[in-house]
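One chain comes next, on its own, written as structure tokens: the form predicted on its own.
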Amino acid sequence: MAAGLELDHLTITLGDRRLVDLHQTVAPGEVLSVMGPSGSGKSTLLSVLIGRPDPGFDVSGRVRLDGRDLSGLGPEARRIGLLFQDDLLFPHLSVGENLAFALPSTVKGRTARQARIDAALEAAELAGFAGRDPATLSGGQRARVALMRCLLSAPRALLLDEPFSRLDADLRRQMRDFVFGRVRAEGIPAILVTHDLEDAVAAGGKVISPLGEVRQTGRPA
């Protein structure tokens, strides 16, 4: 069984306009950056990958995850996590409860579930924050909680929808290091969609357009 996320001649068109044309494999622990301006097809690509294609678009080709064809599967069955620009933490739940919400039903018992939550907070350098109100966290802390919540759902691949675009420069660098570090540590394939060259270079993998053209990025700063 092939490991990783495979986009097998994945083509997305709208009328006579071709938006996406990709034939790529993302290995476990790698990040593929898809870079382009607004309207270039990046968001459409993500909607297809999670199993919610937008009406009016024609899709051909295959998406495989660890060798399994995802055709016809809904979002819940695909085991693909999605991290957005906004952290989307539930304001009525504590930090720990936000994390618990993502735990699979296969994790049984209060002790086992709490252990998973504590380990996630430790990894995010937020040990002891389980009882905190999300409103009391800084932007960087909220972003780390959002990522760990996504990872606690045990995704087999991760999609990053411009997750750093609302952060200031210093926090942006910190969060890039944290997110890409967790992707490598978890050993899952990831796709970053962005319009920002620095984000794409920091990801450390191949940088392409939605039409599969390789971008020349130069060396990271």
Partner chain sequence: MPAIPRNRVTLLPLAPLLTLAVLLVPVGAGLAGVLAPAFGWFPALGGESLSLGPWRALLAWPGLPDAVWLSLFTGLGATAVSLLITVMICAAWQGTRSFGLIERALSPLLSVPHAAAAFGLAFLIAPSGWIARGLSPWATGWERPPDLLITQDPLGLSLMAGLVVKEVPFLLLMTLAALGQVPARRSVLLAQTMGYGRMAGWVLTVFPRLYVQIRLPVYAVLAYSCSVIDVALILGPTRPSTLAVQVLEWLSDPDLGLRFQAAAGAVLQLGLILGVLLLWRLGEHVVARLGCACVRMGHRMARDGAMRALAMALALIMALAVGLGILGLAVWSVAGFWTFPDLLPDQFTWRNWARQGDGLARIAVETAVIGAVATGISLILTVACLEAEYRHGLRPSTRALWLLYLPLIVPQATFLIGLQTLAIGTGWTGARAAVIASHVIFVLPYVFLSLSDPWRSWDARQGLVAASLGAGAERVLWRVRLPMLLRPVLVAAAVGFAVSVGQYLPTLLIGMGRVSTLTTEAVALSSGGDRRLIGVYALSQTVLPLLGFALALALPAVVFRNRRGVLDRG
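Numbering follows the first chain given and starts at 1. Predicted model only: the values in this text are computed from it and were never measured.
As for the form predicted in complex with its partner chain, it is not shown, yet the points below apply to it.
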- Query: Do all of 25, 61 and 71 end up near its partner chain in the predicted bound form, with near meaning a heavy atom within 4.5 Å?
  - Reply: no
- Message: Exactly one residue in 179, 31, 50, 65 has a non-hydrogen atom within 4.5 Å of its partner chain in the predicted bound form; which is it?
- Response: 50
- Message: Using a 4.5 angstroms cut-off on non-hydrogen atoms, would residue 133 count as touching its partner chain in the predicted bound form?
- Response: no
- Query: How about residue 104: is it within 4.5 Å of its partner chain in the predicted bound form, going by heavy atoms?
  - Reply: yes
- Message: Is residue 122 part of the interface with its partner chain in the predicted bound form - any heavy atom within 4.5 Å?
- Response: no
- Query: How about residue 118: is it within 4.5 Å of its partner chain in the predicted bound form, going by heavy atoms?
  - Reply: no
- its partner chain in the predicted bound form - contacting residues of 86-121, heavy atom within 4.5 Å: 86, 88, 90, 91, 92, 93, 97, 100, 101, 102, 103, 104, 105, 113
